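The chain below stands alone, shown as structure tokens; this is the form predicted alone.
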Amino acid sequence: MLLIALAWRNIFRQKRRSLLTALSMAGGYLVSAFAISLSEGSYNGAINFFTEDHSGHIQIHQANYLKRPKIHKTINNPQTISTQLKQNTNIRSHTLRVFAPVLAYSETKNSHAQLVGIDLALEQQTSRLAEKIIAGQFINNQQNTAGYYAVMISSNLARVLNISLGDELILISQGADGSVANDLYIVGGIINNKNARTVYLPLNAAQLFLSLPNKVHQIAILLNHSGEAIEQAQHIQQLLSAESLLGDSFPGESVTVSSLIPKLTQAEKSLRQNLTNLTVSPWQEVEATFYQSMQADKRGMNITLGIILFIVFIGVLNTVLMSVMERTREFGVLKAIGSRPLQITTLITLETTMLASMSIVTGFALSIPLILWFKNTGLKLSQPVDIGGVVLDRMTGDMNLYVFLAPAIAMLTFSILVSIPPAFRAASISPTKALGSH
């Protein structure tokens, strides 16, 4: 307690110097917290864009479909998995999709396009597709009086083919059974997307078109908490294994599922094999390029903030050294009356740490209203950005424990490090020389 009282008294012996040092450290904390908030907010916004717009937090595919997509790499009997997912309280929603490249024809033009078959009810709960309709309406599963399904197309494809609502659209592709897939559809809605050339069909119509009865290529899952993507993906992978679904053994018997395989029906064997080959991927794997870029950028930002704090604490080091040199006689007296070098080292370290702690509290108090405003209101962009039909017009930050805790830990660490050289110098002072100095 005596050392703490001495450290507290020594901080205020040079009020102006201590105040300027504390303000510089508080400024460093404020800049660091704001930069981290901006970074976290920007990346969380980008993550929410990818996951809530189309990718979901988790995706389920057959084998290595994500890396090498093929029309025959399907998830069979997806309703079995869908039932399992609906029982998971950590999952907000999920949807079923099929994909295929197609050639799209209008009366006068043609273009390549991506066909996406969607479960109409589940898609509206899992993605923002319905929000991006700029003409027409969200399609349904019903055929019109002429027997044609309605489709939605991206605005880019509508421009390329020079078609609009109510026009006919012919699609040609290859079915999963090797047959030529071709059919005529009616444009029922246009999606705001100026980059992609996409055609959206009802899932049953897409399965019929591609000869994929009761099969899908992707199950996209939206979680209640995006931060749990990796853990939930691992959990779902375990649940979807055949051993987990069928049970390792029956109560009261020492018989494993493996020994019961011959007793399974052919349908059950097929389902078991299909579930065994499924791959569950969190968004960090689905959007691997973005995730790796984000991690690299975060490391670069941390290095930049480290340099800023280093510059701030160079000034702190200078202040502490000046304080030690001015108090040479004082340290000589302390050693003459029996103070140990460790006690003097601890005293100097305590002074610097307490000054840094006060600066952190001040910086924390100043940063709360700034970051709170930045999180709720943000900065309005002079030029809104259209990304896949979603308009981003504001730059906002994030407000969480990491934003405030990371710079605080960094500053306390730096304060301890910069206090070590002056502390060692003070502890090594000779009482005879110190008392003889003026």
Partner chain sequence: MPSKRSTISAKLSDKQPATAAPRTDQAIITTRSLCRYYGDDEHNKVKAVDNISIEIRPAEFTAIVGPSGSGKTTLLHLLGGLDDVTSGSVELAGTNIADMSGAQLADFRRDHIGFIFQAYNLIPVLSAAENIEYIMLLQGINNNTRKQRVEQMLAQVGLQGHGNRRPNKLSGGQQQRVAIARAMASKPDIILADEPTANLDSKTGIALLDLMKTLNETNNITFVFSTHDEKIMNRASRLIHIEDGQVIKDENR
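The model shown is predicted, which means the values in this text are computed figures rather than measured ones. Here, rigid core means the biggest group of C-alpha atoms that superpose within 1.5 Å across both forms. Numbering follows the first chain given and starts at 1.
We do not show the form predicted together with its partner chain, though everything after this point is about it.
- Out of the listed residues Ala135, Ile314, Val361, Val333, Val333 is the one that sits within 4.5 Å of its partner chain in the predicted bound form by at least one heavy atom.
- Proximity to its partner chain in the predicted bound form, defined as a heavy atom within 4.5 Å, holds among Ser82, Gln343, Gln234, Asn140 only for Gln343.
- From the list 157-165, 334-342, 97-105, 176-184, the contact stretch for its partner chain in the predicted bound form under a 4.5 Å heavy atom rule is 334-342.
- The three marked residues, Leu3, Leu6 and Arg13, each reach its partner chain in the predicted bound form, with a heavy atom inside 4.5 Å.
- Taking non-hydrogen atoms only, Arg329 approaches its partner chain to within 4.5 angstroms in the predicted bound form.
- Once the rigid core is used as the reference frame, the Cα position of Gln137 differs between this form and the one not shown by less than 2 Å.
- Annotation for Arg128: C-alpha shift under 2 angstroms between this form and the one not shown, rigid core superposed.
- The rigid-core alignment places the CA of Leu347 2 Å or more apart between this form and the one not shown.
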